[in-house]
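For reference, the chain that follows is the form predicted on its own, supplied as structure tokens.
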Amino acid sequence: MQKLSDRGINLLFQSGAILLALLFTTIVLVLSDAPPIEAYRNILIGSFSSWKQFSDVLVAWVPLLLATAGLLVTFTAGLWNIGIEGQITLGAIFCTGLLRLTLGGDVPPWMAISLSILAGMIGGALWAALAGVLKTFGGVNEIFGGLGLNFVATALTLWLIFGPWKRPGIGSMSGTEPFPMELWLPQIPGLRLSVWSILIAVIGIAIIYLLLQGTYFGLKLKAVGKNMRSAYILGIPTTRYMMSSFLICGLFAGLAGSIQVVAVYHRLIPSISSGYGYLGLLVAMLVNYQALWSIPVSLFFAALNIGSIQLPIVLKLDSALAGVLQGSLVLFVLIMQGARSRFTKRLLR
């Protein structure tokens, strides 16, 4: 009965958070002289009115889920890996670089794609390791170190696109020269969606779930995240576990960047990360470290991103409205978690 009562209280506060986020977004729409019902309806239409639009939601869902999966590991270790945006970008750079090396060679396409994805994962892990070294050995806060590395990764991308990897004749903001179709992950005819990318994302989140819930590594990582000093006293090598969490997150971020190259854009573009790293931070906070919940929540966030594209076209509204709803949802969930905690303590008293 007590467990049932706790679930009821949790559901009540979570529902309140959703209602408050919708109310806040509605107030923003009213102040902007926009019809709230029409705005929400257009977001739904833009996401689910056809199989093509829903497939676009799935295209956005895959890298977002992979980024979230990696962030769950660093969050469990008590680390804010803000540098995941740069890690996604480095993954895309390494993936693009290896694909360029295979052009005109005798490497079978399936092997070239596989090796490029692996290279992307290594690139993301190396960039994450740099953030980890700055944190664990240099005493640099991972937030500031990560943000700095994000800017470096963006600058490196632009240098490659307008320098060594520029299109024949002149560099272009549209990115590098697209790769031939044989170097793309196989797609569903008529759509941008690859079944292989969905399979990779599902396997990835399953691995993270098993890692955090069913292994001694996950248990020790939680101990480090809860109280690093106590974990160290108990004999857990905290530095090693912190570095491991950065590396695992970087592997998943690099995988997300690779998917962006081989399954979505088929080239390197300036904004290859598409903000999925920052969005993944919101999802990871919202699911409260529960890996399985990240599947539907990241799908919901991806749907908001894709559906909001309709707003400038139909209602002359900025598509950033989806970001307002996403951010306010996380904000009110965190507020409600604090309120629930205080409410529970009062009940116990």
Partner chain sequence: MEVSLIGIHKYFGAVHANEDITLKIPSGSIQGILGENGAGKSTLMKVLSGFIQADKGEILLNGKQVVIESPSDAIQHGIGMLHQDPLDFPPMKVIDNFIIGSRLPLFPKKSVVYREITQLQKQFDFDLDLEAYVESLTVGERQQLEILRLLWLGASVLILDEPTTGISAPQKNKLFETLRLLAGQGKTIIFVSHKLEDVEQLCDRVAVLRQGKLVGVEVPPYNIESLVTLMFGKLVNLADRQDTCTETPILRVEDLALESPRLRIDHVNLEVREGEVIGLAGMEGSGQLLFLQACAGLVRPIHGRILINNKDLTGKRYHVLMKEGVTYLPASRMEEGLVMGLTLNEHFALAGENQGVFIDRQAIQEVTSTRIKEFNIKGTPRSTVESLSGGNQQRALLALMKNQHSLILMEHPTRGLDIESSIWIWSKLKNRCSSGSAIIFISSDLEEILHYSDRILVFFAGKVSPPIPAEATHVDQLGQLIGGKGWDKLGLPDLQL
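It should be emphasised that the depicted structure is a prediction, and the values quoted were computed from it without experimental measurement. Residue numbers count along the first chain shown, from 1.
This protein has a second form, the form predicted in complex with its partner chain, left out of what is shown; the following refers to that one.
Proximity to its partner chain in the predicted bound form, defined as a heavy atom within 4.5 Å, holds among 202, 126, 118, 236 only for 236. Interface residue among 104, 214, 108, 180 relative to its partner chain in the predicted bound form, by the heavy atom within 4.5 Å criterion: 214. This chain is displayed without its partner chain, yet in the predicted bound form the stretch 228 to 236 from 228 to 236, 88 to 96, 110 to 118, 244 to 252 comes within 4.5 Å of it by heavy atoms. The shortest heavy atom separation between residue 206 and its partner chain in the predicted bound form exceeds 4.5 Å.
Heavy atoms of residue 185 never reach within 4.5 Å of its partner chain in the predicted bound form, leaving it off the interface. Within 4.5 Å of some heavy atom of its partner chain in the predicted bound form lies at least one heavy atom of residue 219. In the predicted bound form, no heavy atom of residue 122 sits within 4.5 Å of its partner chain.
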